[in-house]
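To begin, one chain is listed below as structure tokens, in the form predicted alone.
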Amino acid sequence: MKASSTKRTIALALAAALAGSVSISMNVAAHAATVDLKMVAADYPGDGKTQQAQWDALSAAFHAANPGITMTVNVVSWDTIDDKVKTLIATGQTPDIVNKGDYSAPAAAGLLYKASEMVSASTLADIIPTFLNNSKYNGTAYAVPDLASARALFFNKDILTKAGITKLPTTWGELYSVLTTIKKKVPGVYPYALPLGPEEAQAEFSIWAGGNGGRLYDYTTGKWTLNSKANVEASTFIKKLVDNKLTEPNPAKCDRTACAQTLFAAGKAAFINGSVFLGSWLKANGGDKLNVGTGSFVHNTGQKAVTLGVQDYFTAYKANGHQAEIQKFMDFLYQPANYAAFLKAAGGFIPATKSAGAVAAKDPALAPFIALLPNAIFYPGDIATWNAVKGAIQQSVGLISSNPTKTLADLQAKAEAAKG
């Protein structure tokens, strides 16, 4: 009896000790369950402050609603974000979420969650199909579009009035005639501001090529087509504009922001290929009093007008295993008020959701661009080597202004040799 009692006492003591141990373990586990998500985001306004403040406020609101999860966002310049993300991955510091302009290379490497794992089914269903289809690699969406931009032909109405131009050009031939008239009748003005410098040269080239039916990549053959007949013809027409001094001097060194847009803002250029945020940029950079209009971009005879649709992406990396927490944050971000704040801080782009798009279509500043989207062409962002090819285009496509055939042949060779 005594022995049995002693055993029961020992058993009870062990049980109590184990219960305490389990309690302590559960408390430790509960404490360890706090997840700190890390995100690297591109700086859309380029001021290093606007979006950082927006992300910090959103992160604080998210943590208040989800005490077990914190979010740290590092806003990085567009000039360095690609290298920043590569370095973080290479040094074992892979971020959970990245917000930038490409996704195909990490998707090809198997590093990303699928879009269906990044956001809930209801959020995914709200994404505009055109944008979601442009977020796929091998038929599966591995990114969620954050916003989009389209291009239009901006023009200075006062300059056109001085030159006696009453009808917008729609074809290359009409554009050449109009630019020649402006050069003759409005001295001191560059008829067309042509940015073929490294900042955004791939966009300018793509839309000229698109206006001749040209593309950068042929999905049917699975090959790059930088030096196609259509692209060479478009580049030859660009060279004709440059040779006849219908653009600013040396377009190959003229970047979009510091050169072309600055010339247009100062009233020194009649036409420019502009994105959806150009209007707000002009107001903030000396062009607030310009009398500006927009229209469809020009195209070659026998072709049709296109716009360049550009979208950026959120991607989520699997390295840290935070899929559930990432989805909670992304759904929080796409809540209407939070998403509106993100778009505003970014500078007024086209939203990527149906719900926000319906509202944006009523905005006079955005409506013309949204109307152009059905004719949009896109970068081949789902091709794993696109980022490398884009870099090559940015650095040297400006040389088409002096030697179109050789420049595109060299770029074609680089594209075929590119590694993802």
Partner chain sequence: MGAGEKSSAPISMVVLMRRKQLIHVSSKKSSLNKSRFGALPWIAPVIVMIVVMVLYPAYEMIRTSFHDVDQTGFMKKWNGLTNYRVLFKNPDLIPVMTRTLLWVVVIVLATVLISLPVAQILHSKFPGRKFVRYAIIVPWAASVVMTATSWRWILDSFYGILNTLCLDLHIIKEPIDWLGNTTQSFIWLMVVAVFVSVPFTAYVILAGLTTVPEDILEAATVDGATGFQRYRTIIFPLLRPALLVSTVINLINVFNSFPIIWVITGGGPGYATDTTTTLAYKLSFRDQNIGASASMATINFMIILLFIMAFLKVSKWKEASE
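Residue numbers count along the first chain shown, from 1. The structure presented is a predicted model; accordingly, all values stated were derived computationally and were not measured.
This protein has a second form, the form predicted in complex with its partner chain, left out of what is shown; the following refers to that one.
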Exercise. Hey, in the predicted bound form, is residue 248 touching its partner chain, heavy atoms inside 4.5 Å?
Worked result: yes
Exercise. Does its partner chain come within 4.5 Å of any heavy atom of residue 263 in the predicted bound form?
Worked result: yes
Exercise. Closest heavy atom of residue 396 to its partner chain in the predicted bound form, within 4.5 Å or not?
Worked result: yes
Exercise. Is residue 305 close enough to touch its partner chain in the predicted bound form, meaning at least one heavy atom pair within 4.5 Å?
Worked result: no
Seminar exercise, completed: None of 69, 360, 392, 376 but one has a heavy atom within 4.5 Å of its partner chain in the predicted bound form; the exception is 392
Exercise. So which of 333, 259, 132, 242 gets a non-hydrogen atom within 4.5 Å of its partner chain in the predicted bound form?
Worked result: 259
For this session: Could you tell me which stretch in 277 to 285, 121 to 129, 307 to 315, 89 to 97 has residues with non-hydrogen atoms within 4.5 Å of its partner chain in the predicted bound form?
Result: 89 to 97
Exercise. Thinking of 75, 184 and 344 as one candidate spot, does its partner chain come within 4.5 Å of a heavy atom in every one of them in the predicted bound form?
Worked result: no
Seminar exercise, completed: When its partner chain is considered in the predicted bound form, the residues of 91 to 120 having a heavy atom within 4.5 Å of it are 105, 106, 109, 111
